[in-house]
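In structure tokens, one chain follows: the form predicted alone.
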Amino acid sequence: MTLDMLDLDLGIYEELDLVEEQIRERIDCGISTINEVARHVIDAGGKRIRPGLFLLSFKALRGEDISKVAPLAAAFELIHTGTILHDDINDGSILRHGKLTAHQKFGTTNSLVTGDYLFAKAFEIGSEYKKEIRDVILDASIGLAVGEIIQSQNIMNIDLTEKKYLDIIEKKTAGPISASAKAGGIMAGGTGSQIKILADFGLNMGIAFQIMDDILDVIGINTKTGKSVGKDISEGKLTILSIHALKHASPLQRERLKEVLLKTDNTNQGVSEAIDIIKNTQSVDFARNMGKKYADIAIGSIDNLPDSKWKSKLKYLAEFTIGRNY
């Protein structure tokens, strides 16, 4: 089970249905393989955080005509879906949301090309809107690609700093989430300061969201997260939890954690030992507090927006992000 915007009482059920229709309409290209690969990822379920945040931001600034912006909300999900396809190839992932990853089921080439196709479709949708919107999509996509490269360059880098970790997740996760909120504000006709407020909200909420994902890699339940617990550890990806643990572990624990993080063929026992070290160094609590800090910054950042139920829903979403357990 994953965090799904439809699981939350955000009051945008009908609007998300319109976005879902746009997602499925836009991925249909007449080529059966591309359609099958794209549907495989979309049908597996997903959080729909980006289109949901776009819609809430749009409505928080009194945007009304959802039919005109639903395609744009869908574009942000298409970018995310394309990223999933590419990430799963890069990571060699076997499962996502409890199902075989697309490259495992359809092959690497088909999965890679479908990811490229979804990016192209998102840019095509963006071309239907004004330049300011196109720039938001472009900037987020560039940042996402740069973040992916920086992350790949730091696999098994046991000297990764907290600052560099935050830079990676800002680009890969928080940037596109921020772009969704910013675009919603632009389409609602918000002022420059209101649009910046929403962009800042999305950025800080996105950081909190990724930190919570990293926590769930250590404490999650496979049947709820849909992926193997300890996946980041087994792939040598350092997160804020392993960075903190390496600093605060005993010398013996530190050497064992380094050994696991630097191996490419870890056993379940090795990953379990690393998780125990992370837990014993209170790194989960440290990460949770950090995530809460960013969620609180996000919540506080929208105080100056006009009061409305949609502003309250944005705050609720940020609170839920750090409190979720799946």
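Bear in mind that the values here come from a model prediction, so they are computed numbers and not experimental data. Numbering starts at 1 and runs along the sequence shown.
There is another form of the same protein, the form predicted in complex with another copy of the chain; it is not shown, and what comes next is about it.
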query: Candidate site 299, 311 and 316: all three near another copy of the chain in the predicted bound form by heavy atom within 4.5 Å; finding: no
query: Partner proximity in the predicted bound form: residue 262 to another copy of the chain, non-hydrogen atom cutoff 4.5 Å; finding: no
query: Contact flag, residue 127 vs another copy of the chain in the predicted bound form, heavy atom cut 4.5 Å; finding: yes
query: Any non-hydrogen atom of residue 156 within 4.5 angstroms of another copy of the chain in the predicted bound form; finding: no
query: Contact of residue 121 with another copy of the chain in the predicted bound form (heavy atom, 4.5 Å); finding: yes
query: Location of another copy of the chain contact in the predicted bound form, chosen stretch of 188 to 196, 102 to 110, 71 to 79, 245 to 253 [non-hydrogen atom, 4.5 Å]; finding: 102 to 110
query: Residue (of 282, 33, 268, 289) lying close to another copy of the chain in the predicted bound form, criterion heavy atoms within 4.5 Å; finding: 33
query: Heavy atom within 4.5 Å of another copy of the chain in the predicted bound form - qualifying residues of 281 to 315; finding: none
